[in-house]
Structure formats: structure tokens, C-alpha cells
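Coming up is one lone chain in C-alpha cells, specifically the form predicted alone.
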């Protein structure tokens, strides 16, 4: 049995992509160091207020715990009102934040807006797309109204590599060029900063971090999620990973090298300029933002249903 690379004690796990044997204690330190290095790379100010978008899944749970070991943080949870699922997520979030003594900011979709994620199917078969629009908007709005400087999300290296390859294969250069791991705060358009500290941390590392520290998280997937293309691309990369353990990190590294080319191409296709939504006053690229349009569609469908 090889020795831990850092402390020399008996190793308990092995990171194939880095050929790195570690004991559990040194793995936790290694993981937290990667999160700290990400904050340093993004030049996050020492006094900046950070809130983690906490879903109760292993990625956001690992992110919240590791960030809380480095600085003071808050958590934001959006309760989507999915029967038999959302309650589990909320209870897990409450327990974790109580254990870590972290403030939890809760937004209940049903109570605040009278809708749930299940309603998204009424206006679009691609539920995840609608859900993503709603969550991104609300996370920004909630953070802005609570004077939070940055929202941190648990997007991991698996997610990042999959998104890069998927957009490349489908020829969606505009989306490919917009993949970001850091975006600054913009007060003019009421935009808080966005950071993805786990963009070079693999999914299995997040699970390992939670399991070692016995952190509560919900393992089951959202019952509404149907991501055929995304799952197929992930499966493709996973199969390559068996022969090339570093493949996901290599995709991300090479993306950084080519990103300027994608951005230049995307500029020729369409120039995106922010303006303020005439209805809610938050950032958009048209007169009315996607969130307001989505809520209007849901209200129309609901009114039609009531009229029968």
C-alpha cells in the first residue's frame, strides 16, 4: 500500500487523474486548498460576501462546507415545490446549515409566486431549461436584495467538461463562448458576481468529501430531469476517462486555450448588450427578461385552466 504523498502515513484513497495517494485527512486539506486557489484565481476580495446556491446535492454541500472553512458564507435555497422531493432537499439544507451555523436564505416558489417546478411542463417540455432560467434569475435577485457580492454554484469538472463538449458537438458556439467560471458584479444592471470554485474538482471528489466528513446530502436525482443529450455526453466522457483519467481536466484546460477564438466567432454572430427589464428592472438582453416572460406564460396557462 503506497504512502500518503503529503504526510507519509498509510494512504486510504487514490486520485487516478493526479496519480496521488492520500489519507483521508490530507484529502480534505487538498480539496479545500483547491477551493482556496480558485478564490485566489478569481481575485475574490477578502471582505466580499459570498452565498452558496445550496440544492442539498453533494456538489453544493461540499462547496458550502469547504468555503465555510475558509471564510464566512451564507446559503440560498430555492424550494421548487416538487412533490415527494423538495421537502427532502429543504430538510437536508436546514440540518446542514444548522450544524455549520450558517445563515440559510429560503425562497419558496409556491408561497412566493404560486407556482412549482412541476408547472414548467405546461409551457415547455424541456423542464430543466425553464427551471434553469427561473433559478438563475431568483438567485441573482435574492443575492442582490440581501447585499451579497457573489453567488457560488457547485458546478463541477464533470459538468464543465460535458457542457464544453456538448456545445461543441452541436455547433452552439455562442453558448460555448459564454461558459464562464467567474463573472464580476455589475451594479448598473443589478448583477451580483458569479463564481464556480469547483470547476476543476471532479464529481467523485465532491462525494468523497461529503462521505468522509459525514455531511448530509440528497443523492437522488430530480424526478423532472430528462437530460438525454447531457447524459449521453457525460457517458461518453466517462468511458474515455477509464483510459485517460485526466480527460475531463484536459478538456477544460484546452477550452481555456481556445476560448478567445470562440468569443471572437460569437461576436460576429450576435453582439449581446444588457439593458434593464421594463417589468422587473433586472438585467436582460431584450425589453422583457426571460423570467418575466416565463411567469406570464405560466399565469396564462393557469388562467385558462381555471376558466374550464
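On a predicted model such as this, the values are computed, not experimentally measured, just so you know. Residue numbers count along the first chain shown, from 1.
What follows is about the form predicted in complex with a small molecule, which we do not show.
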The stretch from 148 to 156, 170 to 178, 108 to 116, 207 to 215 that lies within 4.5 Å of the small molecule in the predicted bound form, judged by heavy atoms, is 148 to 156
Picking from 73, 78, 164, 202, the single residue whose non-hydrogen atoms come within 4.5 angstroms of the small molecule in the predicted bound form is 78
Answer key, the small molecule contact in the predicted bound form at 4.5 Å (heavy atoms) among 237, 139, 127, 97: the residue is 139
- Query: With the partner left out of view, is residue 54 within 4.5 angstroms of the small molecule in the predicted bound form by any non-hydrogen atom?
  - Reply: yes
So in the predicted bound form, does any heavy atom of residue 194 sit within 4.5 Å of the small molecule? no
task = Considering only heavy atoms, tell me if residue 190 and the small molecule come within 4.5 Å of each other in the predicted bound form.
result = no
